[in-house]
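Let's start with one chain on its own, the form predicted on its own, as structure tokens.
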Amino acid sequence: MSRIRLRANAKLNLTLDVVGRREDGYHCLRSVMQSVSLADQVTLTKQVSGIALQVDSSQVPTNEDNLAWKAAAIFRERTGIKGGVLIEIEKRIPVSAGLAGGTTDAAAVLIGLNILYGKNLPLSKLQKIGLKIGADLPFCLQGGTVLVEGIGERLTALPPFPDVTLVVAGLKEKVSTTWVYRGLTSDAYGTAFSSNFIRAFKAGKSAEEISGVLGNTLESVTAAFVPGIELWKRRLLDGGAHGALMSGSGPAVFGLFTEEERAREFRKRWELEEKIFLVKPVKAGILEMNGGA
């Protein structure tokens, strides 16, 4: 095989608690993450040497600043492969939106190179490599419905999320994750969104009831500077969502709908004002597509 195409799924944070900060400055999290059907397409082609990157978006760097490039570089370093790779990315996930767009592309590169070069590294090994690139990367490699703890290294798979429709409003503003974490104050630590969610989830509560325990500690920090977050949450709730929340460090906002028709009506009403995506929960972060050669 000399070429492989992969579907790199976005993630949503159904909950996000910041439980502390380590001496090295990293924040410790507790978050229920969910892979969703909004995805980039990542194509990897073997080349004699080096790394080349092409992206169909001017918002994304095509050099070593790109996480996909970094993933290729660290994979080659750790495995000792001599061959190179051309990475082509078709972007569909909004950039810098809290949906792990760059991170999931990097996860696809790790999985793709592992297959192309026949290294057969287990998931756990890829996750250790991935953690050097980003805290969400171990989750993006695994995917599904997962409780993620620590700095992203501890993952506990949960039962699949119900077959609901999630409406994602991308929002045009760009948010720096580093900036958001710097805005946290100590009184933000210790929320229990994830514990409450897991308790309700494992008790077999309905999707409507689970919507009531969504929560994100970072939302108040980002929303103070991006008023569109509260605006779109209100619109989603008024439009029939049972719950609405900012994902990650934002600014993307999503709403949980149990009636797909109402979700479609919401998109029809607002799609000229903002990028609106209708997505479904999925059970994997990265999927190989047809067309490998």
Ligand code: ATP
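Quick caveat, the model's predicted, so the values are computed rather than measured. Heads up: residue numbers just count along the shown sequence, starting at 1.
As for the form predicted in complex with adenosine-5'-triphosphate (ATP), it is not shown, yet the points below apply to it.
The listed set 113, 99, 141, 168 contains one residue whose heavy atoms approach adenosine-5'-triphosphate (ATP) in the predicted complex to within 4.5 Å, identified as 99.
95 is the sole member of 123, 86, 74, 95 with a non-hydrogen atom within 4.5 Å of adenosine-5'-triphosphate (ATP) in the predicted complex. Proximity of residue 43 to adenosine-5'-triphosphate (ATP) in the predicted complex falls outside the 4.5 Å heavy atom cutoff.
None of the heavy atoms of residue 220 is located within 4.5 Å of adenosine-5'-triphosphate (ATP) in the predicted complex. Interface membership of residue 65, defined by any non-hydrogen atom within 4.5 Å of adenosine-5'-triphosphate (ATP) in the predicted complex, is confirmed. Proximity of residue 195 to adenosine-5'-triphosphate (ATP) in the predicted complex falls outside the 4.5 Å heavy atom cutoff. Stretch-level contact check against adenosine-5'-triphosphate (ATP) in the predicted complex with heavy atoms at 4.5 Å: of 157-165, 86-94, 142-150, 183-191, the positive one is 86-94.
Taking a 4.5 Å heavy atom cutoff to adenosine-5'-triphosphate (ATP) in the predicted complex, none of the residues in 21-36 make contact.
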